[in-house]
Structures are given as structure tokens and as C-alpha cells.
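Okay, here we've got a single chain as C-alpha cells, the form predicted on its own, with questions on binding and movement later.
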């Protein structure tokens, strides 16, 4: 299926690693222009060069997204380079374990800055360009927003806010025909997830325990499966979808975990 993303300019924050990298590469495979935004200049440029070597189009922007100024600069650079923005994928962030017992008010605020604020900043500064293209915003949230996890108050708060903003923006931007949707991953094997698994005394046993609780196939969701949904939502194949929270998680959140052991 042709998603009609040829030459569409798509910004992907955190686009050089994990889920973000998978989205970046999926945009390129659909002949879109992938704009990779992140803190690691070397890694971002490496992914961009790899895409170009394969005949794709990509731009790496090295930027810490913690301030309104830095986010404004990202949008300015994209507009100077391409003159348009067709999609924004807000993805950058990390589960940093700031909870009620671990952290405190300062750590909580710092975590929100890292995981939430730039979602708003980038959407705000990209708005004129998205109005012109009747583009799309995809917010990458997390199952922690609806299930809780424990010991991660700041991350869960940020992810919950992203879901609320998805619905709010979908309403506000109806008149501009800008679609806004969110994806909620659950258990996805990324470099950050692998680092967390390796903190356990028996990482393999812990991974097996988690996989047994995932109803569909007793396996982790892949980054590519999240990316497939993202590029679909960015495309005009999803032209009448807005304000949606989409769970790409093998049934992890909504199906009875007891089903994970069902054979028939």
C-alpha cells in the first residue's frame, strides 16, 4: 500500500534510537523526508547518512529540546531547509524513575521538562507550517499513563498529559484539518528497555516473565510495529482518524493477562 508520503517532511524527535529510529527509517522507506531531532549529534548524523546511502532523504538536527528557544530553532531550521512540515512525531523522552519516594519536587519538574514540555513547544512552533500542509501530529505516549507502574510518577504524569493534549489538540485543530493521534506502546525492546532489563540479577528470566504476560504471541512488541502505526497515522490513508489513542501492545493493556497462557 502506497501511503502517499513521498517528499513529505516529517520531524521525529528522539529519531536516532529505539522506537524513534524505527519511525525515522519507516518514513524513509515510504519515500518521505525524515528529520531526526535529538541530543546525540554523532548518532543522529550516522542514521541520516545511512538513509542517504540507501537513496533516502534525511536531515539530522542536534538539539536539546528542553527549552522553548531550542524547539523554535528546530522548526526554523526545518523551514529554512525544506520550506514545509507535513508531520510531527513527538517521541523523545525516557522513563527516569522519579517517584514519590525517589526524587522530590525538583526532580519531578526536571523530568516533566524532559518528557513533556517539548511536545507542546514543537507543536506550537510548527503550527503555521502544519496549517499550510494540513499535516498530522503523532504523540508517542506509554501504557504507564493508563496502567501505572510504580516509582515513576513524573514519567506517568508526562505520558498522561500527552494523551490529554492529543484529545485537546485534535479538537482545537479540527478547523485546520490537522489530525492528532497518540500511540501507546507497552513492552517494546529498545536500547533503554534492554538497559533496564540488565539491571536484574537474571535478565533472561525477567524478560521471559514479562513476555509470558503479553497475550498475543507471548513476545515483545517490536519498534517496527510501533513505527508501522506511526507512518499510517501520518499518511492520508488515516485521513479520518483524529483524537485517537491507539494501543500497539499485543493486547497487554486491555486483554486479560490470563489469556497469555491460553493455547486454544
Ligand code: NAP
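Numbering follows the first chain given and starts at 1. Worth saying up front: this structure is predicted, and the values here are computed from it rather than measured.
Keep in mind that the form predicted together with this ligand is missing from the display, and what follows is about it.
Undergrad: Quick one: find which of 78 to 86, 174 to 182, 151 to 159, 122 to 130 has residues within 4.5 Å of this ligand in the model of the complex by heavy atom distance.
TA: So the stretch in question is 151 to 159.
Undergrad: Does any heavy atom of residue 19 come within 4.5 Å of a heavy atom of this ligand in the model of the complex?
TA: Residue-level check for residue 19: yes, a contact with this ligand.
Undergrad: Spell out, yes or no, whether the shortest heavy atom distance between residue 64 and this ligand in the model of the complex is within 4.5 Å.
TA: Because a heavy atom of residue 64 falls inside 4.5 Å of this ligand in the model of the complex, the answer is yes.
Undergrad: Using a 4.5 Å heavy atom cut-off, state whether residue 190 contacts this ligand in the model of the complex.
TA: Yes, residue 190 lies within 4.5 Å of this ligand in the model of the complex.
Undergrad: Is there a heavy atom of residue 29 no more than 4.5 Å from a heavy atom of this ligand in the model of the complex?
TA: No - in the model of the complex, heavy atoms of residue 29 and this ligand never come within 4.5 Å of each other.
Undergrad: Between 221 to 237 and this ligand in the model of the complex, list the residues on our side with a heavy atom within 4.5 Å.
TA: Sequence-ordered list is empty.
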